[in-house]
Every structure is written in structure tokens, then in C-alpha cells.
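Quick setup: one chain, the form predicted alone, written in C-alpha cells, and binding and motion questions come after.
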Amino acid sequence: MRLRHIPGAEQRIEESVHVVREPELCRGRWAEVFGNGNPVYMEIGMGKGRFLMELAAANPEINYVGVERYSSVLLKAIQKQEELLLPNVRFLREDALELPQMFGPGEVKRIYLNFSDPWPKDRHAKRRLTSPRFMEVYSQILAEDGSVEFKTDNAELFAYSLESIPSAGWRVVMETHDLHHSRYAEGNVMTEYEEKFAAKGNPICKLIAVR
């Protein structure tokens, strides 16, 4: 997917109070960043932030960190947060592979992966957010009883994930190939992509993995 560059996006992001700058200095100190000891949930590849901010508004007792690499997309989330001013939301413009440099062991309670890039070519498999390489990253920052929740409409990526996640030493404790018509549908918070895909009749797959 080709993203349209928004002039001035990088400067807006740099100046935003909602984006954590120098997150390496926050490692082991995220309770100080939020001003409380509430659990930290993270969405990697949060896009425009609808999912993350809807959860944050409904769960003020949980802190949320949204990770997004692309400036033009992150800017949309910042603009939304400037309207909502949710006190339990912070953003990072970072590569997910670098997260162990920013979070200490056990500092994150839950990680959400929503409609990640499928990277369909085999030679790009290691870039998939459910590949063993990324699962190892999550292991370094998740609490012992932490979990990863993954949703996608891509059946091939879901099949890959059902194999790659256990091969990385994790257990898949919940899975469905049609979330919206399953017993797991209640309480589901949809992303922008999820709403579009569901409207087209695409089944939504979901799994939860723990170590």
C-alpha cells in the first residue's frame, strides 16, 4: 500500500506532546511516563488509532501505547488524540524490532496486532509481525502472564501464524476463522480496516497466544 506523504507531518509529530520522544530513556520507567502503575497495553501498527483510542476511552484504568512507523498515518492518530485528550494514551514512531530497547522485561501486559501487512512473498516472511523473529521481541517485553492478540482477514497469513507462533515457543489458546459469527464476537472492538473488510463479507480471523 502506497501512503501519501503529508507535508510537515514529521515536524508535527516531533512537536506533539502525545508522542514519546527518546523512548529508550523510558525503559523500565513507563509508570513515570503515565504517572501511575496501571498495566500497559500496546498496539503495533495502530494506523489512525481508532481501535486503540476506543479501548482507552472505555478502560481508563489501563495505559495504552500505540506504535506506528508511518508519519502520515501517525499524524491522523495525533489529530484524533488532540480532540479526545485521553490521559492514558501515548504514541511511538518506532520500528517494533527496537521495542526491547524501550520497554523492560514484563513492562507490557498485552500486545495487539491488527490487520498487519501480510508480506505474502516467502522471502519476506520474517517481516510478518507473527514471525518467530517478532514473537521473540514480544517475549522480551511482555509480562509472564501477558498475551498477544492477532486479527486479520488474510487466511494465508492466519494459517502461517498458527504454525509460526507455536514454533516460537508460544501456545495459541484461542482461535477463530470467523470472529464476527463466533462466541468471541461479544465485546469485539473493530478497527477501520476490520469494518471495511467485514462490510465486504470477508471473515475475520483472530487468535490469542501466550507463552
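Just so you know, these numbers come straight off a predicted model, no measurement behind them. Residue numbers run from 1 along the displayed sequence.
There is another form of this protein, the form predicted in complex with S-adenosyl-L-homocysteine (SAH), and it is not shown here; the text below is about that form.
Using a 4.5 angstroms limit between non-hydrogen atoms, Tyr70 touches S-adenosyl-L-homocysteine (SAH) in the predicted complex.
Of the heavy atoms in Ala96, some are within 4.5 Å of S-adenosyl-L-homocysteine (SAH) in the predicted complex. When S-adenosyl-L-homocysteine (SAH) is considered in the predicted complex, Glu192 lines it closely, a heavy atom lying within 4.5 Å. S-adenosyl-L-homocysteine (SAH) in the predicted complex is not approached by Phe103, whose heavy atoms all lie more than 4.5 angstroms from it. This chain is displayed without S-adenosyl-L-homocysteine (SAH), yet in the predicted complex the stretch 40-48 from 139-147, 172-180, 55-63, 40-48 comes within 4.5 Å of it by heavy atoms. The contact with S-adenosyl-L-homocysteine (SAH) in the predicted complex, taken as any heavy atom within 4.5 Å, belongs to Leu129 out of Val108, Leu129, Val89, Ala77.
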